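One chain follows as structure tokens, the form predicted on its own.
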Amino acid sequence: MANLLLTTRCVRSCPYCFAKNEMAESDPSDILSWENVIYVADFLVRSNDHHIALLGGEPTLHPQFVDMTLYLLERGFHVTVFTSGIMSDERLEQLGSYLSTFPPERIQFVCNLNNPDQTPAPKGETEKVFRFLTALGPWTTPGFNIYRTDFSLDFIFDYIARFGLQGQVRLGLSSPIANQDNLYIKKEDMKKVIDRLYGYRNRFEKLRARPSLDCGFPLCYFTDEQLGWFYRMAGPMNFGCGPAIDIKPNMDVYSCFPLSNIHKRSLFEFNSIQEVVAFYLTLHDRIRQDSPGVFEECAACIFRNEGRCAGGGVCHSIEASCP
């Protein structure tokens, strides 16, 4: 699945932002054109890939966001929209009027939520998020980026019950940006994060909510008991770190946001999404030759050598190899 950026403009300034490099270079006129959205759609259809994610910045800032999303849906794509939920009343009304006519199996929103107590928001921002969740709760999966070891998930469980959100919580480790500064979980703190997540097992079970772990979590830092619980709640877990494939409005493509300033290419250089993935997998392999994983033990780890764990995210591996 490719991630298509409709715009690099954003409505928030999160301290952990792993897209900081792209946002800092944002130009108000840097929005996806109809010519390019059609090109990407044709490109993915030729690749036999019918899943696409719409990102930003904040994708709903694009003046033709609804029309472009409807176009992709009508072409048979399953669309996932990553949003902050912060938008104008007019845009929210458009989403409710047009996009909610499609079932959650066709369109899904991942609302990236910040804890209002630990990551304070400007006045009025939380109320806008609540309006979005009220209108589109059944189509929405909550997402949460962990950037501090004392994080709290209580507010997410409250939102699931209050707004009828989908019973899955997408959990990501905040990632270091190559050659940039942002807040993220250091390698020595990963065990604390995993233990704290496991500490919420009773609340997950009460709501029958599934914890969905994004890339960067190392297999070796989970106990057998923890692995058993995560498997029971969410099924098999993936401890890999494959290219996400982000496509900018100007058709630049890169492996993922944290690596956006490393080996950026143009989508026009490739014939299929499989070619793009293969290119960045080769790049990841070269990086792993110099830094096999986040920890020294990764080099000799049987799980990493068998491909069952990537040894943490590539971006964490680059950070770990720097003095």
Partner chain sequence: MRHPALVCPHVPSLLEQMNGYDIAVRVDRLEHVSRAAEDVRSAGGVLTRVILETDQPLSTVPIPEDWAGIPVALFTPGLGTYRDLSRQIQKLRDLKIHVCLPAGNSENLVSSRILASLGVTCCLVFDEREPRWAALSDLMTYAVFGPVPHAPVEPFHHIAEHYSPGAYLDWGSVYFDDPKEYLHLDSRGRAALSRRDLLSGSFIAEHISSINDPLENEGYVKGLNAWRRLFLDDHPCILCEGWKICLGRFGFNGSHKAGCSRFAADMLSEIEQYQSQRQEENPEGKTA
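Positions refer to the first chain, counted from 1. The model shown is predicted, which means the values in this text are computed figures rather than measured ones.
Just so it is clear, the following notes concern the form predicted together with its partner chain, a form of the same protein that is not shown.
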Within 4.5 Å of its partner chain in the predicted bound form, all of I156, Y198 and T223 (non-hydrogen atom): no
Quick one: is E269 in contact with its partner chain in the predicted bound form, heavy atoms, 4.5 Å cut-off? no
Any chance R286 has a heavy atom within 4.5 Å of its partner chain in the predicted bound form? no
Contact with its partner chain in the predicted bound form for D42, defined as at least one heavy atom pair within 4.5 Å: yes or no? yes
Please check if T119 has a heavy atom lying within 4.5 Å of any heavy atom of its partner chain in the predicted bound form. no
Okay, which stretch from 289-297, 276-284, 45-53, 259-267 lines its partner chain in the predicted bound form, with non-hydrogen atoms inside 4.5 Å? 45-53
Sort through T149, Q94, N250, S152 and report the residue having a heavy atom within 4.5 Å of its partner chain in the predicted bound form. Q94
By the heavy atom within 4.5 Å rule, which residue out of R75, R162, H78, R203 makes contact with its partner chain in the predicted bound form? R75
Near its partner chain in the predicted bound form, with a heavy atom at 4.5 Å or closer, the residues from 208-222 are none
